[in-house]
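Just one chain is shown here, as structure tokens, and it is the form predicted on its own.
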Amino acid sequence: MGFTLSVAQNEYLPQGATEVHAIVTVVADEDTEVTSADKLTEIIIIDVSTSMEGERLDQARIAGATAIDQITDGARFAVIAGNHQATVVVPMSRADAATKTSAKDIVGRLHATGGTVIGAWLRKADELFAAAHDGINHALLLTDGKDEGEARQALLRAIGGCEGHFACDCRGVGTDWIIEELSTISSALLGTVDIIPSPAGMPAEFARIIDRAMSKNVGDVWLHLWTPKGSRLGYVKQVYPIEGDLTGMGVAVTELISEYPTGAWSPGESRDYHLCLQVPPSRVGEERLAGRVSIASSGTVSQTTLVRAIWTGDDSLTARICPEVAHYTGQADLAEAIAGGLDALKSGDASTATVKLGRAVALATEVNNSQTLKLLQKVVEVVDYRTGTVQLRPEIAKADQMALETRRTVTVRVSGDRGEVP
């Protein structure tokens, strides 16, 4: 699979400035060979602790069967039933009509018992992926509760042991699970996290996740960054379609080159990354290459795009705002405002919550993030979108708060119709 890169930035800096910002857009080739199914491995992890008894487990059985049906014939798959331990109820198998039928029968007979030790589920999945050898590895993890059967450090060690081995999409059903726990897993394992408010929503969500996982074409993909001597990386973040900080995941290739994992890609997929590079201060008239960015996939490096710095005394040039940089900076501020508002709401500080969530409404309006606005409207009544004048709703469902918190990092791209009011 090949990749095309482009960069958006204002390369002009005032004298003495040392920080360069750029948005790098990466697009995977649409016209590429379909990945052989035997390179795909899927593990479905279903919480079967006591709290899942009843409708949740009933729907989880249906969702598990739905997910199994979505697995491409020839791909490898397994199912783990998770409670205080991790039980491999469907061993690693090649997907075909017979193995799928058998797996769905087993999943249909799952029963609820015991507690919740998510670290054990992750370690077991890692063992199964290791035995399946190289390929594009993906796990779907479902739980309805918090990780109360192990120490926090034990979970973190389990997550750390899985990094780089497989991607993991996490879903919490209901409102008794802990967002921070699943977010930590999904961030480290380059996946997503979201709420399934009602058990009835599980089958459709499982089908969507597995369909996307089966579309992945290449898994060993890294953002390849060269910086000259004297320069250094401030940060690198994925900013579309979802925010994620990759800075701490870098691997040094040489003294000047580092690579950052991006996870698996599908044909035609497009993502944006925000680079902040620190460069030595220079005088007016000087120009410097701040960095070179490419994509490294299975040992092959794609075309390179350049990030530049030019120092000038022309205020009309340095005052220009790169629309893409401003857009994604605004969405980072939006996510921060939501987090602050929800934290205040949880602590009972209604005044602070109103101010911060009002700012979030104004920011979401400015960047035209209609999906986030819809989520905010379930928590606040909007008086004026552009000024962010809002009132907290007298009754706020916990599921609505959790949906806003889990989806606050979902972003939109720059559009020509900025600031549209619903």
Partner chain sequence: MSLACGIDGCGGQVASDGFCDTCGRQPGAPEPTSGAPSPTGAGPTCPRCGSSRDPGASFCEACGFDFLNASTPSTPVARPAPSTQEPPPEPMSPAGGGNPQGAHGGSRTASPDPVPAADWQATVTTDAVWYARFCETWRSAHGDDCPIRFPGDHERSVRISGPVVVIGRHAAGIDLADEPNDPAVSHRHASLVLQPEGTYAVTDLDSSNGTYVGSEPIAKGQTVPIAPGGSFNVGAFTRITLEPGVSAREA
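Positions refer to the first chain, counted from 1. None of these values were measured; they are calculated from a predicted model.
One more form of this protein should be noted, the form predicted in complex with the partner chain, which is absent from this view; the next part is about it.
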Item to check | the partner chain: the contacting residue among 259, 126, 205, 269 in the predicted complex [heavy atom, 4.5 Å] | outcome: 259
Next on the checklist: Exactly one residue in 289, 317, 151, 178 has a non-hydrogen atom within 4.5 Å of the partner chain in the predicted complex; which is it?
Outcome noted: 289
Checklist entry - Just one of 168 to 176, 250 to 258, 143 to 151, 325 to 333 has heavy atoms within 4.5 Å of the partner chain in the predicted complex; which? => result 250 to 258
Item to check | is_contact(residue 313, the partner chain) in the predicted complex, heavy atom dist at most 4.5 Å | outcome: no
Checklist entry - Any chance residue 229 has a heavy atom within 4.5 Å of the partner chain in the predicted complex? => result yes
Next on the checklist: Although the partner isn't part of this model, could you tell me whether residue 308 comes within 4.5 Å of the partner chain in the predicted complex, counting any heavy atom of the residue?
Outcome noted: yes
Checklist entry - Is there a heavy atom of residue 243 lying 4.5 Å or less from a heavy atom of the partner chain in the predicted complex? => result no
Checklist outcome for this item: In sequence order, the residues of 159 to 175 that place a heavy atom within 4.5 Å of the partner chain in the predicted complex are 164
